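Below you will find one chain, with nothing else, as structure tokens; this is the form predicted on its own, and questions on how it binds or moves follow later.
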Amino acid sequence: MAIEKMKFVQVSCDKEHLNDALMTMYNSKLLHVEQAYNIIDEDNGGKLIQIDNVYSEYCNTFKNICHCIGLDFDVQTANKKTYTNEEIENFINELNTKFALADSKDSVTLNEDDEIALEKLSECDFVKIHQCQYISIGFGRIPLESYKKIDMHKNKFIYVNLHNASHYHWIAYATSNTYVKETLKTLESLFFEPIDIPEINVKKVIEEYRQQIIDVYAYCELQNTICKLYDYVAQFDDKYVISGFVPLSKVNDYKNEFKDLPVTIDVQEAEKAGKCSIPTLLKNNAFFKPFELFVDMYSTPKYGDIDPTVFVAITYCLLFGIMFGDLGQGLLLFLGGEILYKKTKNKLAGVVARVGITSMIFGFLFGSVFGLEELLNPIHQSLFGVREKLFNTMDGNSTMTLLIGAVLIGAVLILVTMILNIYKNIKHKEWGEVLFSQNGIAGFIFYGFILVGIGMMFMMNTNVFVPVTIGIFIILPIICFFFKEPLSHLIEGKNVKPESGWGNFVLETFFEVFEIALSFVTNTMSYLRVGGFVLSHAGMMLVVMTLVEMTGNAGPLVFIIGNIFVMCLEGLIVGIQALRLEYYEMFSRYYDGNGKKYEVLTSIE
């Protein structure tokens, strides 16, 4: 339940070493870099770097060229060379000319079979084919049915089969210049589809240019990245500064990245970063880490705030386990989630594995294994000394116990969220929220007293709701709710009188206090769904077991399919409902979020 401590780090260098410093920062994957305009203000005299980035267009041009000629490459095989803009542009023009890319918009896109046939034809050398003076050579594809008839018409030309597929044959034909028109007319009647023979053997030329294309593109890509990184550089006279946040535990590693460069590294407290928002990096152990997913889905906590991940993990596992209590199905959730999590590091799979553990625990307590409600009875009788099993969810007498237990769990969780809210506001010295809020001390006393009073009435037949206790523990907290704003202003030394006047204040606050009281009731009753889904899960498994008994020999298959169906459907519903309780009934009481997630540069768009 921690947030990684951050340091504000600034790297300064001269113009000569700026590009190296930028690439070192980029490749380190340690700095949450800040835009230069967040560092510059009127007092420090800094300025942004203005640069015309031509390399972005060069990169796009090379990508288009490679797409047109069908060249795939890996920039990691590039040689580290430098090029002038003039050399780059001349090379692009050379490629356009060599591959006739200026006319590529009018060319026909070849499919894989076309390429195979052309590859075989290339053995004759495309250049020599086009140099023939007295013989005309053509290439194309002809339908299978027409191909069977071609021998009937070949007295004016000869042909060779280059390739065949499910619907076509690819052929090359040769005829004298005298019979070209007649040959083309004959082939056209056979639905022949001509394909232009390239002027050159493209694949051969591609291989000749491959390494140079890779080298020039890699240089352009590097320069393009550097140009885009200039947005993060603030210039102060002849010094160039790259600023950002690094986790305290990684500061030395970040410094070591620059050990071979003549730079100055300044490390400060994160709070001294001026108008830069400090990013948040959650720090949790392996068991709780997958639940960061739910926290990030809602909102990243602010730096210096509380990290709710551990609380979310505990409460989510508890609620899911109660609602999905089945030892066998929980075991499958655990095994499936854990295997998937280890292979993919998908956090949702990690969550599934962990809720599988609590499902197994409550499944054992409920005595349920894949819907078999009596399988664990001997173990329960031995361990707990009960007549049948510890808790029978299908017994009608257990229904009220389930529902009351669910409400009590909800009440306890509401009180805990109030304590978390009090702790959070003490950290931020929000004393008005600590003392007078419905989620502060006043709310804790109000709600806690009502719960204790109701409990004593039912369990000990004792009435604590007398005028004195009502006045102290109910009316006084309500007064605190009502006058929270002016009382908070009084503590902070501000003007107590509301801006809208006392009349409007009283009218608005009356309805707000009424809503607060109502929210305590609705939030508590919302946890009834926990008991309801216990009964729902047990009921669905009862249906499955009934179908197993009705289907005779097909029973084992129905048993397996039924369990899979319940696991998928009930697991999804219970997962959503548990998350709803987290977000709407708990987060709303103690968690604000609105933080900025710690992110390092992994790509420049």
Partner chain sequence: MTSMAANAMSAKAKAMLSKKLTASDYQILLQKKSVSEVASFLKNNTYFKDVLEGINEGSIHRGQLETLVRMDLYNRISRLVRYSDKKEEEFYRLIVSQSEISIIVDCIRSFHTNDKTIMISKMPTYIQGKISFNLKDLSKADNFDELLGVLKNTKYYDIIKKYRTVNMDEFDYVGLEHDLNNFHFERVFEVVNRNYSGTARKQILEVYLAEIELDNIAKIYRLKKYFNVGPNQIKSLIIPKYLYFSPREIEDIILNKKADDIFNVLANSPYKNYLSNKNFMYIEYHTKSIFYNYNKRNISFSNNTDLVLLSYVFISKIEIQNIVDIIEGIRYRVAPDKISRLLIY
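As the structure is a computational prediction, the values presented were derived from the model and not from experiment. We call the rigid core the largest set of C-alpha positions that still match within 1.5 Å between the two forms. Numbering follows the first chain given and starts at 1.
If you look for the form predicted together with its partner chain, you will not find it shown, but the lines that follow are about it.
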* Among the candidates Ser382, Gln131, Asn495, Ser166, the residue which, in the predicted complex, approaches its partner chain to within 4.5 Å (heavy atoms) -> Ser166
* Please pick, from Lys250, His153, Lys203, Lys98, the one residue with any non-hydrogen atom lying within 4.5 angstroms of its partner chain in the predicted complex. => His153
* **Partner-proximal stretch of 137-145, 316-324, 285-293, 472-480 relative to its partner chain in the predicted complex, 4.5 angstroms, heavy atom** => 137-145
* Check, residue by residue, if Asp114, Lys185 and Leu190 all come within 4.5 Å of its partner chain in the predicted complex, counting heavy atoms only. => yes
* Using heavy atoms and a 4.5 Å limit, would one call Lys149 a contact residue for its partner chain in the predicted complex? -> yes
* Rigid core fit then Glu145 CA moved by 2 Å or more between this form and the one not shown -> yes
* Post core alignment: Tyr168 C-alpha displaced by 2 Å or more between this form and the one not shown -> yes
* **Yes/no, Lys239 Cα shift of 2 Å or more between this form and the one not shown with rigid core fixed** => no
